[in-house]
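What follows is one chain in C-alpha cells, specifically the form predicted on its own.
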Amino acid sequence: MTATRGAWPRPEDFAAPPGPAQRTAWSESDRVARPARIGRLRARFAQAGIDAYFGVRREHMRYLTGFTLAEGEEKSAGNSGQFLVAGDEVVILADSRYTIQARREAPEARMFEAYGNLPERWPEIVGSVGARRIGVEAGFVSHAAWGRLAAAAPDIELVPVEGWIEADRAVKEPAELERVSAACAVADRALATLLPDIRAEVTEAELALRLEWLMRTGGAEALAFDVACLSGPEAALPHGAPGDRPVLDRSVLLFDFGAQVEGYRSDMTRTLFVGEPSARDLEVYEVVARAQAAAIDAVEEAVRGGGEMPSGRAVDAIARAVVDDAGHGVHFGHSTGHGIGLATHEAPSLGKAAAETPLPSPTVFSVEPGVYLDGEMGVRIEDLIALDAPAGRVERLTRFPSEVTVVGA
C-alpha cells in the first residue's frame, strides 16, 4: 500500500464545528419528529395487548421526549428520566434535581416527581394513565426491580418488551445523520491536529489526553467513549486502555475514539506507524484494509443493483472471509461493525450473530475489521458508513484517510 509521510491531512481539510444556528435547527428537527416517534411506539400497543410502555434507557428517553441525561448519569439519577408512554400522554419521572430541566426539555410531557421510590409510587403512576397491562424494557430492568414493581401493584400485568425503540432508532432521520457526520468531522479534525505531536517516547496517556482535549475544544460536547491509544504489543488489545507506556519506535500506534455532537456520536479507529513500518506490519494492515473495502463494496454493489440489502451477518462474513483467506481468521474475533447514534453501539449489528434480515435504511454503521497478534501488534481500521438505499447513497462519514500513515519519522 502507498504510505503517507509528512503530507498528512490538515485540520482545515474537514468540516468546521456546527454553529449555534445549526444546533438550534437540529433541536427543532427533534421536536417536530417526536410525535411520529411516539406514534410508532403506540402503534405497537394493540398487537401486543398493552396499554402503556415503561422505559428506563436514557437514549430512549431522549429520543422520545427530549429529556437528557449524560453518559452514566442514570446511575445517580434515581428514577429521574424514566418514562411512561400511554395512549394519550407521556409521563416523565423526575425528582427535584431534574424538574426544571425536564420542563424545559420535554414541555409536552407530564412531570411526576419520584425520589428513588418507584415501587411506592408505582400504583399511583400507572393508575394516573389508566393502564392495566404495561410493556417494560425487559433488557434494562433488573429482576429485582421487576419483582418490586409487580408486588407493588399485583393487579397490573408487566409484559416484557425488547427491541421496539431500538428498531426505530436504527432508521435514522436526516438531522440524526447530520449530527453523526458532524461528530465524525470533530474527530477527524482532532486527529489531524494531533499528528505532528506523535513521536517515539511520548506516552500513550499523553496522546490520549491531548486527543480528548482537541475534541472537547473542537466542537464536541463530550466524548463518545474513552480514548484508546495503544502502542506496539498493546494494540493487540481490541479494547485496551492507554497507560504511561512510551510509544515505541518502528511500531504500530492504534487510536480508537469518537466525539459527541448534540447527543450523537462518532467512532473511528486509525492504526498509524511510528517510524518505518516492517514488512509484516504492512502485510497485516493491507489484509485489514482489504477486508474493510470488501464489506463496504458489498453494500455499494447492493445499492447499485437496486435489490435487497445484505444482512449485517452477510456483511460480516464477507469481511471475515478476507481475513480468513490471509491466514488470520483466529486473530479476528469481534464483530465487523455496529450501528451508532445516541448510543455508541446500537442496531444494526454486523457480526456472526447479527440478524439475517436486510440492513435498515437510512442508517449508519461502523465497518471495523481487525487483526490482533498477541504480544506483537494489532491493526484495526474503522469508518462510519451512511446507507440510504432508496436514495442510492453509501457514504463514508469518516473522512480521515485510511491509507498507511507514517508519523514520528
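Everything numeric in this text was worked out from a predicted model, so none of it was measured. The first residue of the shown sequence is 1; numbering continues from there.
The same protein has a further form, the form predicted in complex with another copy of the chain, not shown here; the description that follows concerns it.
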**OP:** Given another copy of the chain in the predicted complex, answer whether the residues Ile100, Phe140 and Arg148 all have a heavy atom inside 4.5 Å of it.
**Re:** yes
Original post:
With a 4.5 Å heavy atom cut-off, would you call Ser278 a contact of another copy of the chain in the predicted complex?
Top reply: no
Original post:
Using heavy atoms and a 4.5 Å limit, would one call Thr217 a contact residue for another copy of the chain in the predicted complex?
Top reply: yes
Original post:
According to a 4.5 angstroms non-hydrogen atom cut-off, is Arg58 in contact with another copy of the chain in the predicted complex?
Top reply: yes
**OP:** Please run the contact check for Asp226 against another copy of the chain in the predicted complex: heavy atoms, 4.5 angstroms, yes or no?
**Re:** yes
Subject >> Among the candidates Asp249, Asp297, Glu108, Glu73, the residue which, in the predicted complex, approaches another copy of the chain to within 4.5 Å (heavy atoms) >> reply: Glu73
**OP:** Would you point out which of 85-93, 278-286, 299-307, 226-234 contains residues with a non-hydrogen atom within 4.5 Å of another copy of the chain in the predicted complex?
**Re:** 226-234
Original post:
Taking another copy of the chain in the predicted complex, which residues of 185-219 have any heavy atom within 4.5 Å of it?
Top reply: Leu209, Glu212, Trp213, Arg216, Thr217
